[in-house]
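Below sits a lone chain in structure tokens, taken as the form predicted on its own.
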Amino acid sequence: MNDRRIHPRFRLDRPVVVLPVLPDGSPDVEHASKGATLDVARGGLQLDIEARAALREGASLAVGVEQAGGGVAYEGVVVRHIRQRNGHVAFGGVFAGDAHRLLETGSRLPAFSPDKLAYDLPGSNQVYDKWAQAGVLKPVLMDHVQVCPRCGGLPTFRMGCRRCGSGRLVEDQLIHHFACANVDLASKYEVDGMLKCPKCRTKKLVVGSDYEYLTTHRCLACRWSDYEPTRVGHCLRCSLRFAGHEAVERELVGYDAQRLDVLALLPPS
């Protein structure tokens, strides 16, 4: 191993579990092996495990090392040399490969993808689920978001027309004349500098005692008019317009890992 010459190695005897990594990046649980560490360095470690599966140089593994305080912490290793002995396999590896990249940040969190116009993880959800089932990752609920009911893309929301979903609404001010119950546009009450009911012709109306102001919303797209608009969603991905209550609530789930701290395994310098 290259790190043998670069970093000093220290004897270490800890129980381990070794999971081969399949070509799609998921764990090969069927061929998991148990064993023990032999020694450790900053750049890698050597292990002795049961020979349950044929290893090859360059193979990517996830290695779980039992911690002194309990629990198992994982790191990704690429095999550099192999030695068979008495039904066991002794091998050395460096911290690298698919599992190392999966675990190196300690967590994988969903983020907004400008390309997909949706919240997503940096990788396959199915692969993360398999690592969680293997006990390497732990799913963590991060948030809830509302998404498009058709494609799952991220929508924007606005108050819009109940009939056609358009957000092109304008407000009209109305006057309600108490005496004759007439309701009409305020502009139709304005005559010669005073307010006059266009229905019963009463003049010089006084606000509060003779009438009240009302506000209505008028759609410029379909001419619908009503007192209350509704919440309307518009999907940024597929452009679907839908009533706000039709949005689908989605859980945003991230994954945490108990990542192996190699420095904690080394003796104090």
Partner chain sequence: MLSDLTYWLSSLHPEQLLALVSALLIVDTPRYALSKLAMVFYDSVVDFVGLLRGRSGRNGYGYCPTVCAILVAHNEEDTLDPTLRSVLGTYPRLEVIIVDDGSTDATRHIAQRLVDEFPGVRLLRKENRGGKASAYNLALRFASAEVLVVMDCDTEADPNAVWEAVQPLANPHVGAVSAAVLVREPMRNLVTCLQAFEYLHSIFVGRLLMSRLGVLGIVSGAFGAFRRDVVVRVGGWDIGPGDDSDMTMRVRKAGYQVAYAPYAQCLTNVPQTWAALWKQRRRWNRGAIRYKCRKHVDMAAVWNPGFLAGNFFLLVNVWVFNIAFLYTFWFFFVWTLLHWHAELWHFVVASYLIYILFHIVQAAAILFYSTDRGRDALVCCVLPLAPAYQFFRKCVRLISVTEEIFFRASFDDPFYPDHVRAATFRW
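Residue numbers count along the first chain shown, from 1. If you superpose the two forms and keep the largest set of C-alpha atoms that fall within 1.5 Å, you have the rigid core. What you are looking at is a predicted structure, and each value in this text was computed from that prediction instead of being measured.
What follows is about the form predicted together with its partner chain, which we do not show.
- Interface residue remark: Thr202 is counted as part of the site for its partner chain in the predicted bound form, having a heavy atom within 4.5 Å.
- In the predicted bound form, its partner chain stays beyond 4.5 Å of every heavy atom belonging to Gln67.
- Its partner chain in the predicted bound form comes within 4.5 Å of a heavy atom belonging to Thr216.
- Looking at Leu174, you'd find a heavy atom of it within 4.5 angstroms of its partner chain in the predicted bound form.
- In plain terms, the part of the chain that comes close to its partner chain in the predicted bound form, with a heavy atom within 4.5 Å, is 178-186 out of 126-134, 178-186, 90-98, 151-159.
- Among the residues Glu30, Glu50, Glu212, Glu57, the one placing a heavy atom within 4.5 Å of its partner chain in the predicted bound form is Glu212.
- Contacts between stretch 209-229 and its partner chain, counted in the predicted bound form as any heavy atom lying within 4.5 Å, involve Ser209, Glu212, Leu214, Thr216, Trp224, Ser225, Asp226, Tyr227, Glu228, listed in sequence order.
- Ser26 shows a C-alpha shift below 2 Å between this form and the one not shown [criterion: core-superposed Cα displacement of 2 Å].
- Once the cores line up, the CA of Asp184 ends up 2 angstroms or more apart between this form and the one not shown.
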